[in-house]
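Only one chain is shown below, in structure tokens, and it's the form predicted on its own.
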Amino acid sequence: MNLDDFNFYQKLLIDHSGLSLTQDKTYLLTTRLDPVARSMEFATLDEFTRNLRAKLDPRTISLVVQAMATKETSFFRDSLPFTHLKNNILPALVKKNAATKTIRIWSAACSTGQEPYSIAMVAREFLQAHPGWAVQITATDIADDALMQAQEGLYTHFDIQRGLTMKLILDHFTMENTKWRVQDGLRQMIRFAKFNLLKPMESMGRFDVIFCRNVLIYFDTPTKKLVLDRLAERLQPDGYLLLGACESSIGLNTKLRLCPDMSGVHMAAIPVAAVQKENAK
């Protein structure tokens, strides 16, 4: 791929998904877009690119974005965020939300569904110990193919082995031929929807907990600031934002700060206003 075509895709991806590619990732563009070109019956990627340049078709742009979106994930990935959800965050929200007995959680880049289903497993255990409470889970992603798999809730044995104990498998999955399907009770806890994190987020409402993990690492600095600012606005007072292990809001957002009681998990954050209110008591 020549430099001019790389620059074209680089701008297209930033504009439509926030994904920032450096020139050393040219091979990745070629590898992932070649199958897209073939699926649309173009003889070469160059021909596909010329056609896309001539007509910026939204459907084709969506296919490019989906092809470039990283879908690497697993159940209970990095484990510690889910431990804190169970041991720290949910118990704190029991006190805070005693009047409504409702907790809203958003998995903001759910990929093929392992993260929201992991959240749902923790929430299911919580609900068994707290009758009368409701946990509402919303899971969104930009990629249609990933969302389709997430909604279907059907996983290979390899997928299931990554992060799940045998007890969790037996409690929440049913074997179907050679694969494992999420049980209806767990799947019904989650509302799946397509959403682009570059878009305004007011329509999402407010949440007590937002998971947006391993997404910001693919954005340039201005996009990181934009997304963090909008996510912070979607948090309830004293809400929690969980980022990936290599991500941080430090230096990028003044509305968030680290949770001091969750050392080692720098992605958990709460609005500054809430901290000031708590300190004033």
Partner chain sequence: MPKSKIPYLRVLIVDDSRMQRSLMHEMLASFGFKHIDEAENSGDANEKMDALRYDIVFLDWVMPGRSGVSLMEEWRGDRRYDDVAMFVVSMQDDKSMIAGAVKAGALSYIIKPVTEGVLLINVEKALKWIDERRASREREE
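Positions refer to the first chain, counted from 1. Not measured: the values here are computed from a predicted model.
There is also a form predicted in complex with the partner chain; it is not shown, and the following applies to it.
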* To do: Classify residue 191 as contacting or not contacting the partner chain in the model of the complex by the rule of any non-hydrogen atom within 4.5 angstroms, answering yes or no.
  => no
* Asked: Would residue 203 sit within 4.5 Å of the partner chain in the model of the complex, counting heavy atoms only?
  -> no
* Would residue 195 count as a contact of the partner chain in the model of the complex, using a 4.5 angstroms cut-off between non-hydrogen atoms? -> no
* Do residue 164 and the partner chain share at least one heavy atom pair within 4.5 Å in the model of the complex? -> yes
* 124, 157, 199, 101: which sits within 4.5 Å of the partner chain in the model of the complex by any heavy atom? -> 157
* Taking the partner chain in the model of the complex as the reference, which of 148, 170, 80, 92 has a non-hydrogen atom within 4.5 Å? -> 170
* Listed range touching the partner chain, judged in the model of the complex by heavy atoms within 4.5 Å, from 179 to 187, 207 to 215, 130 to 138, 82 to 90 -> 179 to 187
